[in-house]
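What follows is one chain in C-alpha cells, specifically the form predicted on its own.
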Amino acid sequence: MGLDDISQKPHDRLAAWLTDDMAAVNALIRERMASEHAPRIPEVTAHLIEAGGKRLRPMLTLAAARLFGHAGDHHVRLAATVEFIHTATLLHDDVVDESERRRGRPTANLLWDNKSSVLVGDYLLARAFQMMTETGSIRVLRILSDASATISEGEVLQLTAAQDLRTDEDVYLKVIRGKTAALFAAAAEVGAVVAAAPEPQVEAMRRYGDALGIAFQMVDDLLDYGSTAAVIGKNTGDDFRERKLTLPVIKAVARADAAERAFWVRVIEKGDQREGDLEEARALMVRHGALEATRTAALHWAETARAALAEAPDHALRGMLDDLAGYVVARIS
C-alpha cells in the first residue's frame, strides 16, 4: 500500500490544520531561496522544493509549537529553516550517491551538474543559519546546528561503513539516527522550545521525532526491496545498486551461510553485480526473515514515537501526530 492510497491521510489532516502556517512557511521559503546575483540558486532549489514532498519535517515544527500554545511567528522561521536544511542534505546526498531520481523526478545533479547541486546546497544551509538567528534563541541555534553537524556525521559514517560487511545493526542505527532522525528530532524539539513548553515535554517531543525518523528510514530501506518506484519516489533496488548496507542486507548477511556470504561479498563489497542479483538478494532476505525483521523493527520505533506523546497536552494535534507515526509505517503494515 502506498502513502497516497490511504484514505484520510494523517499528513493531509495535519497540513489542513496548519494551512495558514504552511502558507506562511512556503512564502518565506520562496522569499529566502531567491538570489539577486545567481539565478541558478532559485532554479535548482525550486526544482526540489516544489517537487511535491510531504513537508513532514517543517510540519513537525509547526505542530509542536501549536501543540504547546505558541502564538508568535518564530515557528514559521524555524519550519522554513528545517526545510532548507533538509533540502540541502538532499542536494548533497544525490551527488554523493550519484542518484538520478528524487521524488519521481530527475535529480538536480542530473539536470544541472554536481557543482551546482553542492553549491546550492551550501547556500541553503547558510540561509538556514540566517533564519535560525532571527529567533534570538541561542538554544534553538544550538539544537539545529547540532542537528546539522549530526546529519553530516551520519553521512560520513555511512560512507566509511559502506561496502563493509562487518557493519552491524549498531552502526546502522547510528547512521540513520544521524542522516535522518536527527532532523526529525530537532524539528519537533525546536517547536516545543519556541513555545516555551515545560522541559519534560520538550524532551518528549525530541524523543518522538527521533523515533519517528528512525521508523521512517527503516521503512524506506525496506521498501527498496519490496515496492515500486511510484510508492517511494526512487527506483526500486537503488540501495542495492549503490551497495548500501541497510538493515535488510545487514540482517540477511548476519544469517548467511558460506555460499550466501560469498554472494554478498561479490555484490556489495566487490560491486560485481549481474543480471538477476537483485532478485537473488531479495530471495535471501525472504529466506532468512530479514524483511519481516526489518518491518518489526520499524513498527517498534513507530510505537516508541507514539508512547512519547503521552506527555503532550490533550489536543487535536497530539492525535494527528500519533496518527502520523502510524502513517509512516502504513506502507509495510
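Everything numeric here is computed off the predicted structure, so don't read it as measured data. Numbers follow the displayed sequence, beginning with 1.
One more form of this protein exists, namely the form predicted together with a further copy of the same chain; it is left out here, but the text below deals with it.
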{"property": "Which of 56 to 64, 37 to 45, 288 to 296, 267 to 275 lines the interface with a further copy of the same chain in the predicted bound form (heavy atom within 4.5 Å)", "result": "37 to 45"}
{"property": "Output flag, 107, 165 and 180 jointly within 4.5 Å of a further copy of the same chain in the predicted bound form, heavy atom basis", "result": "no"}
{"property": "is_contact(residue 236, a further copy of the same chain) in the predicted bound form, heavy atom dist at most 4.5 Å", "result": "no"}
{"property": "Contact of residue 71 with a further copy of the same chain in the predicted bound form (heavy atom, 4.5 Å)", "result": "no"}
{"property": "Contact test in the predicted bound form: residue 263 vs a further copy of the same chain, heavy atoms, 4.5 Å", "result": "no"}
{"property": "a further copy of the same chain contact at residue 251 in the predicted bound form, heavy atom, 4.5 Å", "result": "no"}
{"property": "Selected contact from 92, 86, 244, 206, since only one has a non-hydrogen atom within 4.5 angstroms of a further copy of the same chain in the predicted bound form", "result": "92"}
{"property": "Sequence-ordered list of residues in 135 to 159 near a further copy of the same chain in the predicted bound form, where near means a heavy atom within 4.5 Å", "result": "136, 137, 138, 141, 142, 145, 146, 148, 149, 152, 153, 155, 156, 157, 159"}
